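The chain below stands alone, shown as structure tokens; this is the form predicted alone.
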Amino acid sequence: MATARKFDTLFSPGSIGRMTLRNRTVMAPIVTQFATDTGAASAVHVAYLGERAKGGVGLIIAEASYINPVGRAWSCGLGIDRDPLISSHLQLTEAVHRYGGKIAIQLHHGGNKANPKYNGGRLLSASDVADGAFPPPEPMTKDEIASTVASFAEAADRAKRAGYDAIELHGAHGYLLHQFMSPATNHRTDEYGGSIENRARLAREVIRSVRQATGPSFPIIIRMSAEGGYGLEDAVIFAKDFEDAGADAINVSQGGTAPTAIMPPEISPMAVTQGYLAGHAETIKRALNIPVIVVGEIREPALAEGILSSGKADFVALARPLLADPHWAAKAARGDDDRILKCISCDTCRLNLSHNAPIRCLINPKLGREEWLHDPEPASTPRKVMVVGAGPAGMEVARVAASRGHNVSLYEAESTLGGGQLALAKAPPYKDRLAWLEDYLARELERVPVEQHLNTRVDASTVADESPDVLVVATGAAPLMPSIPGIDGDNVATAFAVLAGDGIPEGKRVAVLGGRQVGCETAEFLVERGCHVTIVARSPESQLVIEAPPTYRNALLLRLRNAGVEFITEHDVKEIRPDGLTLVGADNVERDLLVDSVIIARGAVPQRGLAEDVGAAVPEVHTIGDSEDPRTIEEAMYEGTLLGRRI
């Protein structure tokens, strides 16, 4: 793999213990739910990690793998707690070694975050502090601690036999080792609690037991939080202690057992500063003689190079960036960093985990489908394809179809690629990273022969003039207008119009009708423009922004409350008047709400009129994305990439 001169440090070899890596990129462990329900690696998992190794990353750390049944936290998480699983892990390690990469495995015990549905129902931790989602755990006895230490060692031995090149111990994010380290979750009064030395005792014992099980030269990494129930000063002490116990590298993350100063709860995941943990990693690194790995919103190779070349860390860890683009490293290495599909930090991957489903990516439809969703094959017969609508679905189907040799023309009513829907989606506060997707798709379209027609509205006569073999209608959706008396008044607008910048009621009293993501995002958009906003929702409070990832939802609702936004839930609108609204609750009691403006955010309806107008005049017609039914960018991208392959 050629090295791009501008990223010399990033693509120089590096060592962890006696393991030499081809470059300084590390794939951080991220739970996928790709394993079987027995804890074995599946073919999906093998293809997924193999693709990342093919993409040039130096070290892959396979996701959190439970070391005994009581530590199990996910229904289809990886396990390494018994010998029969070794054969499936061997398939993972061979898939990575095939492409010249190295692979470690993260050994994990959930503690009070283990899931009673999957671990036999018994939770163990340092103390009886509940995680919140589950009942309080039992404080571990000394015999249970000793048994757990032995389980880590036995799991490490299995991992070595399965062909892994290193071990990572999960001591971060509020799991068992971290629960012992943090005074927020460790209230013990014996030798495992109290002082910082005592709270680090379990992790030290695990490091030493793993060293004994794997031998003197097998690399051991420990992942730890720089903040998380303790501050950076304590983190430095922990890191030095772990180095003395035999760790070969420290992987710096943050959070887990308590709120952190570096990541306030109201911050949107899409607004976290890139490289925000680099300063913490630098502080820890100055105290050590072993390498430090740092994670934390590292989206661009230039940022990674700066962190490394300035000595803040020895390796950079990428988790979600390699979900979005498995070839991040290879593209950067050859100087094609402008072709990287950058993770936008939307946390859709985590949303799927919260639903107990395999992870998916909003912008990379291949994630979890690497086994069968390969690069498009050339079309057997080139066809004339007309795509109407340059949102995510339209751009993706145009790109894929053109790359296969079809003659593609793309029409968009707006002046830029991205379509009206994507422009609206990136308008609310903290969502500007959606422009990265827009820019990426536009650049990729320039690399294939797609004839672009911007500022062009299309009707049946336009289609007739074009005379395509295939028509793809991707014209998006329009606001759903409920049947409410007074909805046609001058004081009423749609969320779509407001987000597009049309008639923003600045400094007014505003009611937003609708408590899902569009309604709440529009409310924040209006708060930034000096409006006093009340959100009126027919659903209960528990359903506000329910379709969004928890990390995004919780932060958005907290910001709205902090800004003084009022919520009226479980109420419908009986009438819209020039001076406000008449609301009616579940008890049929009416109340008045005095406002200057009313914004409608009650959903959307598909715009598929063009497909209906054309009828049988075109041999093959498809509707995709919001034109078929209002849906997410993730679904639109997936439909686009599939249809582009089928045409």
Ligand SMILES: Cc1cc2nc3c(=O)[nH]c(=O)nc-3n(C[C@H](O)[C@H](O)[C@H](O)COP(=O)(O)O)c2cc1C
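This is a predicted model, so every value here is computed, not measured. All residue numbers are counted from 1 along the displayed sequence.
There is also a form predicted in complex with the named molecule; it is not shown, and the following applies to it.
Only one listed stretch (320-328, 445-453, 122-130, 156-164) carries heavy atoms within 4.5 Å of the named molecule in the model of the complex, and that stretch is 320-328.
Out of the listed residues 72, 312, 199, 170, 170 is the one that sits within 4.5 Å of the named molecule in the model of the complex by at least one heavy atom.
Between the named molecule and the residues 350, 559, 553, 431, the one pair within 4.5 Å by heavy atoms in the model of the complex involves 350.
Interface membership of residue 297, defined by any non-hydrogen atom within 4.5 Å of the named molecule in the model of the complex, is confirmed. In the model of the complex, the named molecule lies within 4.5 Å of some heavy atom of residue 359. Taking the partner from the other structure, the named molecule in the model of the complex has no heavy atom within 4.5 Å of any heavy atom of residue 39. Residue contact check for residue 601: none of its heavy atoms lie within 4.5 Å of the named molecule in the model of the complex. Taking a 4.5 Å heavy atom cutoff to the named molecule in the model of the complex, the contacting residues in 20-54 are 28, 29, 30, 31.
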